Each structure stands twice: as structure tokens, then as C-alpha cells.
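Structure 1 and structure 2 below are two forms of the same protein chain, each written out on its own as C-alpha cells.
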Structure 1
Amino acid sequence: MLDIKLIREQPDLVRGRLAARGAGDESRVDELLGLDEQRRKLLAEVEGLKAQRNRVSKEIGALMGRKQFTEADARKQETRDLGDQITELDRQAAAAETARNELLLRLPNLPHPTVAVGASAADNPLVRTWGEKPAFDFTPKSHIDLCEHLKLIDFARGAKLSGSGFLLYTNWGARLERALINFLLDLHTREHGYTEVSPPYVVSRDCMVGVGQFPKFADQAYAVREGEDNTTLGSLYLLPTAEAPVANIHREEILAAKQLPIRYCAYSPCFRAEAGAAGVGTRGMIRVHQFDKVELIKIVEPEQGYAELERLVANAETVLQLLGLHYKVIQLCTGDMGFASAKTYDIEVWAPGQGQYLEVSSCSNCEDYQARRMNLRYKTETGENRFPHILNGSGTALARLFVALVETHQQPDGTVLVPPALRPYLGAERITTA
């Protein structure tokens, strides 16, 4: 969440950065400051009444010592009245604090000053491209045709099992998916210095709040119920991305500065209900409710946050380079950024069968926004407790990587050539019907 001290001291700055997002959140700043001021005023009144009660209590002792019992009893009633006032003011202060904090949880992060101001994806600046779009001397097939011809995915039976937006990988398709996951994990752990972790696939509500998924995107989550006990519904959720558990590994901890930077890498399936999302339910792999992803998480000192972001993007780009896939890197403008992000780069890979670029990685520095929500701090060498920067990035996401790979490396005879870097994992140079 945002730093309440920053909002108090520089409200115009906060309003301006929120306004750049174009969502109207700057209009909530005055309401937030009003609740904060109300809380602080009530707490000041409470402290004043407690001081008064202490003085009266001392006077009672003196009166009792002089055997002035009638006067002492009157003062005792006064302390009881003061106690009732303190209880009521404490209740009001707690209510104001709860309302303030709930509003803070609904305010997005402030875009970094270097982020381009824009209203939508059309305003995202292009950073760079890599490679060239593949040229074919035949009409390239879509991944749907390739998957059906090579029996990589059974779309109909996937829908029969779980409904639209779910996939059943078969034979070489299942093996290719597994090969890609292992390739990604090995690359990031062996070459890029990440520590592999394997998180639970269900997470608490606190974890979802910590990374900024809740309360903003509660309608896109799959809630879990334990058996027939309806009271448990919503205490746990299927993870939307491994970011939710992995970024929260050190929640409510105080790390030593020497422990930083921390770099985690994790595979997980990802589950997204995406209520109302256009395209869910159509055939293919572009937008589905369940997909695999290898996630990269960094916890670093603030001074290193943006240098680490550039390295994070480079790590994700290496995946596509090794697989021989043409891609572009764009910087998201203020109107297209994620809720928790201060600065984001998207990597979009070219899918020739689709005739379009597909996002396979989003790399963000959330600065201290998530750390505040999960109360994660580190102690500097001088003994100061600070909030670290938390970064996340897809390293990368499937099934779109799967789509780009089979469409890019398809051959005239309908087979798919396997990139050299992937061959040791798949145990084949070519995917065929045989």
C-alpha cells in the first residue's frame, strides 16, 4: 500500500501520480486524509483523557490519605466517566483506522516518474525488438490446427472435463509442456542465480492482499471450500500466479540486510476466473482459465530496485532468444500498468499463426508497495528497519509460449522443429505424428 506519511506530507504529488493512471483514484485522497486526521484527532483526545484520569487517580489517593472519603468517591466516579469516554473514543479511532486502511488497500501504486503517461496499451512505448518475424514459403497454420494434427492437445475433451478455458495436453503436447517448464527452471537457477522453490497451489487471503490481488481483483479468483463446510469458503484461494505465495514467503518478517538480494524462481499452474473477460471460452490457448508459468521474484534494497528490474527483463528475454522466437519489449504507460506496479515492461512474442504478438512476460518493480501490505522489512547495518523493493516477472508464461513455439517452428509437412536448447529436455529434434 502507499505510505500514509507520504500522502500526508505530499498530497499533491500523490494526487498527480494517481491521476496519471486515469482511473480517478486521485479523488479518494481527500477522503483518506480526512479519515487519517479523524483518527489522529481521536487518539490525541484519548491521550488527553488518560492524562486527566491519571491526575484524578493521584488526587484520589491523597484524599483517601486525608480521610476525605466523600470527595474521594466523587473523584472515583469521575475516573469511571473518563474511562467510558476513553473506551468510546478508542472505538471511534479504531473504526476510522479500519476505514482508512481499507481505502489504502484500494489505492493503486504510484507510477514511477520515468513511466510514460498514456491512457491505454496504444500509448505504450516500444523499447526494443529482437530477431525477425519468420518467413514461410507456405501458409503457416495456427496452433489449433497444429495441435489437432499432431495430437498435442485435445481441446474438446479438456472442455468436457472442466468446461471452456481448460486444456488437456496429450502425448507430445504433454511432454513439450513439461520440457518447457524444466528448461525454464534450469535456465533461471543455473544461469541466472535464482533459488528454486515449490509453493503451495492454494494461498490465504492475506497472501492475495499482500501482492495486491485483493481486494481489487477478488472477482477473478477461484475460492476454495473445504468439503461441505461453507464457512471455509474464501479462506483459501487457488493461486492466480506463483507471485502470490512466493512474494509472501517472508511476510511479517524483518530480514537482515546481508540476506538481500533474494531471488526466487517457482513453477506453478495459475488459475484465473477472469469474470467478464473477452475471449475466455473460445477455442485455442490464448486465453484460458488454467495455465502453467515459471515466476521470478526478487526482494532487494530500494537502491537496487531498478537495476534489478532491467536484469529481470533480460532474464526473461534470454528464454525467447534461446528458443529462437522473435519478440518485442514494451514499457507499459500509466494507464495500462498493473495495480501494484510502479514500472512494468511487457515482453510480447510473435505468433505467426495468429498474425499477432502475444504477451508471455510482464516484469514489474512494485517498489515498497507490496512490502508494506505484507509488513516485510529488512534491518540496515545502522539498525533502521526499511521496506524493500519487491519485483516480479514471468520467466515465462505458458501456454502462449507453447503457441509461439509451435507456430514459429512449424514445417511445410506439418511437423514442428524443436529448438536446439530444448532438445535435451524433450528428447527429440522434431515433433511428428509418429
Structure 2
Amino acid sequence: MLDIKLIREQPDLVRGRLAARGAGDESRVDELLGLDEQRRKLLAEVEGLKAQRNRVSKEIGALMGRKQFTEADARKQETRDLGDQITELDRQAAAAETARNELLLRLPNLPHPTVAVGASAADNPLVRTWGEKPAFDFTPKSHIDLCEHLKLIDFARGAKLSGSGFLLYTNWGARLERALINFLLDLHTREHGYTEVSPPYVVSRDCMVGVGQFPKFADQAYAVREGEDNTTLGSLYLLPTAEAPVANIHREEILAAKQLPIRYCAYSPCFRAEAGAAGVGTRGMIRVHQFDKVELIKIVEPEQGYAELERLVANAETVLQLLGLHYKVIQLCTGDMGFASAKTYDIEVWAPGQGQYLEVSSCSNCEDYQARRMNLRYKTETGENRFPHILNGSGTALARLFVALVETHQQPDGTVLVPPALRPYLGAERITTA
């Protein structure tokens, strides 16, 4: 969340940065400042009364010690009324604080000054491209046709098991998926300096709040419960991304400066309800309710945040380069950026069978926005506690990578040539119907 002190001291700056997102959040700043003002006023009042009560209680203790019970009783009578006032003012102060915090949790991060101002995806500047669209001397097939022909995915039975948007990978399809996961984890741990972790696939509400998924996007998550017990519903949620558990690993801790930077890499399946997205690209595996992803998370000193973001993007790009896939890197404009992010690069890979680019990675620096939400700090050499920058990036999302891979490397005979980097993992040079 945003620093309340920044909002107090530079409300115009905050309003301006929020306005750049185009979501209208700047209109809530005055409401927030009102609640904050109210809270501080009540706090000053109630703390004065508490100080008074503490003084009198101490005197009562001294009187009791000297066995001056009549005196003590008189003072007790005096403070009873004080206690009632404190209870009431405490309640009001807590209510103002709760309202203030609720509002704070619903305000998005401020875009970094270097982020292009724009309204939608159409305004996202192109940063760079790598490779070229492959030329085919035949009409390239869609991954749907390739998957059915090569029996990589059984779309019909996947839907039978769990509904549309769930995939049943079969035979070489399943092996390709597993090969990609291992390839990605090995690449990032061996070549890019990340530490592998394997998190729980369900997380608490606090973790979802910590990364900014909740409360605003709660309808996108799958909630789980124990058995038929409805009272447990809403305490645990299926991961929308491994960012949810991994970024929260050190929540509510104070790290030592020398522990930073921390770089984690994790595979997990990702579950997204995609509420309200029905009918949008529902066929195939481009938008599904469950997909695999290898996620990269960094916790770094603020001074390193943006240099680390560039490296994060480069780490994700390496994946596509090694797999021989054409892609472009774009920067998300203020109107297209995610809730928690201050600056985001997306990587879009070319899918010849679709005739379009698919988003396979989103790399963001959330600055201290998430660290505040999860109360994660680090202690500097001088003993000061600061919020670190937290970054996340996909390295990369698998279903779409799978699509780009089979569509790009498909052959005239309907087989798929496996890129050399992946061959040791798959144990085959070519995927055929055999």
C-alpha cells in the first residue's frame, strides 16, 4: 500500500500519479485524508486520557501499599468515568483506523515517473524485439490442430473432468510440459542465480492481501474449504500465481541488509477463475483456469530495484531465445499496468498459428508497495528499518509457451521439431504421432 505520510505531505503528487492510471482513484484521496485526520485527532485525545489514567492508577497502587484504603477508593471512583470515556474513544479511533486502512488497501501503486502515460494496451510502447516471425512455405496450423493430431492434449476429456478451461495433457504433451518446467528451473537456478523453492499451492487470505490480489480482486480466486464444512470456506485460496506464497515468505520479518538481494524461483500451477471473461478466447489453451508457471521473485534494496528489474526481464527473455521463439518486449503504460506495480514489462511471444503475439511474461517492480502490505522490512547498516523493493516476473508462463513452441517449430508433415536446448529434457528431437 501507499505510504500514508507521503499522501499527507504530498497529496497533489499522489493524486497526479493515481490520475495517470485513469481508474479514478485520485478522487478518493480527500476521503482518505479525512479519515486519517479523524484518526489522529481521536488518538491524541484518547492517549491523553490513558496517560492520566496510568498516573492515577499508579497513585492508587501506592495508597494501597500504605493501606490508605479510603483514599484509594475515592481515587478509584474518579477513574471509573475515565475508563468509560477511553473505551468509547478507543472504539471510535479503531473504527477510523479500520476505514482508513480499508481504503489504503484499495488504492493501487503509483506508476514510476519513467512509465509511459496512456489509457490502454494500445498505448504500450515497444521496447525491443528479438528474432523474426518464422516464414512457412505452408499454412501453419493452430496449436489446437497440432495438439489433436499429435495427441498432446485431450481437450474434450479435460473439459469432462473439470469443465472448460482445464487441460488434460497426454503422452508427449505431458512430457513436454514436464520438460519445460525442468528446463526453466534449471536455467534460472544454474545460470541466473535464483534459489529454487517449492511453495504450498494454497495460501492464506493474508498472503493474497500482501501481494495486492485482495481485497480488490477476490472474485478472480478459487476459494477452497475442508470437506463439506462451509465455515472453512474463505480461509485458503488456490494460487493465482506463485508470487502469492513466494513474495510472502519473509512477511512480517525484519531482514538483515546483508541477506539482500534475495532471488527466488518457483514452479507452481496457477489457478484463475477468470470471472467475467467467459467467451474470450475460450478455445484452446491461451486462456485457461489452470496453467503451469515458473515464477521469479526478488527482494532487494530500493536503490537496486530498477537495475534488478532490467535483469529480471533479461532472465525471462533468455528462455525464449534458447527455445528459438520470436518475441517482443513492451512496457505497460500507466493505464494498462497491474494494481501493485510501479513499472512493468511484458514479453509477448509470436504464435504463428494464431497470427498474434501472446503474453508469456510480466515483469514488475512493485517497489515497497507489497512490502508495506505484508510488513516486510530490512535493517540497514545504520540500524534503520526500511521497506525493500519486491519484484516479480514470470519466467515464464507455460500454456502459452507451449502454444508458441509447437506452432513455431511445426513441420510440413505435422510433426514438431524440438529446439536443441530442450532435447535433453524431453529425450527426443522431434514430436511425432508415434
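One-based numbering along structure 1's sequence throughout. From a predicted model like this one, the values you see are computed outputs, not experimental measurements. We call the rigid core whatever largest set of C-alpha positions still superposes within 1.5 Å between the two forms.
In this comparison the chain labelled structure 2 is the form predicted together with the RNA, and the other chain is not. Considering the chain as two rigid segments that shift between structure 1 and structure 2, Thr70 sits in a different segment from Leu233, judged by which superposition fits each C-alpha better. Smaller rigid part rotated by 30 degrees relative to the larger one between structure 1 and structure 2 (C-alpha superpositions, whole degrees). Shown is the Cα shift of Gly48 between structure 1 and structure 2 after rigid core superposition, which amounts to 3.0 Å. Once the core is aligned between structure 1 and structure 2, the alpha carbon position of Ala74 differs by 6.9 Å; this is the C-alpha shift at that site.
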